[in-house]
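Only one chain is included here, represented as structure tokens and corresponding to the form predicted on its own.
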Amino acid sequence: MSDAASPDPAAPRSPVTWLVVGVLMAALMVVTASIYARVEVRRLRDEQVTLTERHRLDTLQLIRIDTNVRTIQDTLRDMTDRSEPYPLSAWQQTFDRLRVDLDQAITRERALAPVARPASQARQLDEAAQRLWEAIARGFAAARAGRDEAARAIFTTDATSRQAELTHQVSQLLIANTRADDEGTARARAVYDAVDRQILWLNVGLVAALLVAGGTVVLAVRRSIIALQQVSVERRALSWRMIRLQEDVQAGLARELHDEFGQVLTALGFGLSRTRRHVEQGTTPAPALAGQLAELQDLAKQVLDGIRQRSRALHPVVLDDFGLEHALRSHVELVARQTGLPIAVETTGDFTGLPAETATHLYRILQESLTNVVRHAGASEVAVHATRDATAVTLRVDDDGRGVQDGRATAPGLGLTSMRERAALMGGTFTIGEGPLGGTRVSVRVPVASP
């Protein structure tokens, strides 16, 4: 229907919005990657430090146990090789002190033992220590009974073998600790490798997010630039058309004033001169003078009607006299009478008190819309609706003509641009699309204060 090049495109989202979203996404990815890496590295560090410290303390306790066991070995050798002048029972206190220290070391080592150590190993260590002290207790019992040779035999064979068994158990635990250290190092290396891979994937995701956000921003900016260029071209064309229209209006007025009004006024002047001479001479009868005056009156009325018609074309005086609602109905009736096209008009609300500029723009938009319907739409039915509520005035023009095809109006031109610019000047919105009658709907909504 419309005389415009294309329907009003949906306003594109501001590229600033996409830019902010992209920056926030990038910042979120960076923060997430940083927090994740920091947490994982700190957790790994704490776990490794804790594990290493525990293994170190446990190893120290095993070394302490091994030292006590070797001290017991040396003491047994000194006690049984007859190099000391002391009786066997005199060594009881030395072994009591060694037992206290050894028991403390075993208890402390049990608390520091690696979690992965089998419970059977700890039980074997306790049992080996218990068997050693049982053998030493039997030797001192025989020594107190006066059976020194039997006591020496117990110390030399049974206690020494138990001491060797305990030494073997401690060595096994030391080997197990070394193996656990190696496994902990391997696990730490595996965790470091996993963190490294995850950080790499996070970086890949960050780069992808930045590319997506950047591409979105670029597309949004490109769409905005294209829309801006299109609006610039339309406004430039509208400006040239307005200049040409101004020149055409001025040339037309000059031509009409000279050719039409000038001739009529010239004829009116000649008629008045002739009538004046007749009156001065007094030779013309009254009926003839009345006829001449009637002719002059018709000429004056013709000039007045022409002036009124041009005045309405230049500015709708009916707006100033009767308001927008009456002006809309008057123009619809005029178009319907001139074209024979049935046009229904419906108004809702109070249109008094509208700003003069707003009323003028809405009236011109109605003029342009109906002109496009008549020229281009091929419509057989038109409906005009004007509504004013508490916040806005809405004007809609619907027809059942050819309508909008493939997102473009049926006829090219600058009428749509003019209507869109008028709506923008009022701070309103302008849309064009398929209407309920099957043709095109032109809709303008302008915010205004309550009546």
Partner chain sequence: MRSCSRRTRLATLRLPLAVLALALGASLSAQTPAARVSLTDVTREAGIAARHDNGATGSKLLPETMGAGAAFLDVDNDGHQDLLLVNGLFPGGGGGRYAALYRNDGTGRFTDISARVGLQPTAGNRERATGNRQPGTVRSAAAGGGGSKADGPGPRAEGGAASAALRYGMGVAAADMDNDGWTDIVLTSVGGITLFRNEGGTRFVDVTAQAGLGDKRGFSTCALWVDVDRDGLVDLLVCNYVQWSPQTDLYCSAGGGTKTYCTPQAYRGSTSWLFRNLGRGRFEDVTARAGLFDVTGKALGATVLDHDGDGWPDLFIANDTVPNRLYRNNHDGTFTELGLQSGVAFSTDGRARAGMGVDAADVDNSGRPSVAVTNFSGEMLGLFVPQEDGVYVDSAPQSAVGRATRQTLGWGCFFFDVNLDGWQDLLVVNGQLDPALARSPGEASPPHLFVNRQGRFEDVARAAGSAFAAARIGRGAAFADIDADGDPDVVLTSNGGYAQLFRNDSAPRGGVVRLRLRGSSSNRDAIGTRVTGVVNGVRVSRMVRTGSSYLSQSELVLTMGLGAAPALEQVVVEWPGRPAERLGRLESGARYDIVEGRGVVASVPYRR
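Source: prediction; values computed, not measured. Positions refer to the first chain, counted from 1.
The form predicted together with its partner chain exists for this protein as well; it is not shown, and the discussion that follows is about that form.
The shortest heavy atom separation between W91 and its partner chain in the predicted complex is within 4.5 Å. The closest heavy atom approach of Y86 to its partner chain in the predicted complex falls within 4.5 Å. With a 4.5 Å cutoff on heavy atoms, V100 counts as touching its partner chain in the predicted complex. T71 belongs to the set of residues with a heavy atom inside 4.5 Å of its partner chain in the predicted complex. Though its partner chain is absent from this view, in the predicted complex it lies within 4.5 Å of a heavy atom of just one residue from L60, L44, A383, V30, which is L60.
Of the listed positions (R241, H168, R77, R364), a single one reaches within 4.5 angstroms of its partner chain by any non-hydrogen atom in the predicted complex, namely R77. Look at 415 to 423, 394 to 402, 50 to 58, 35 to 43: in the predicted complex, residues with non-hydrogen atoms within 4.5 angstroms of its partner chain sit in 50 to 58. Scanning 161 to 194 for heavy atoms within 4.5 Å of its partner chain in the predicted complex gives no residues at all.
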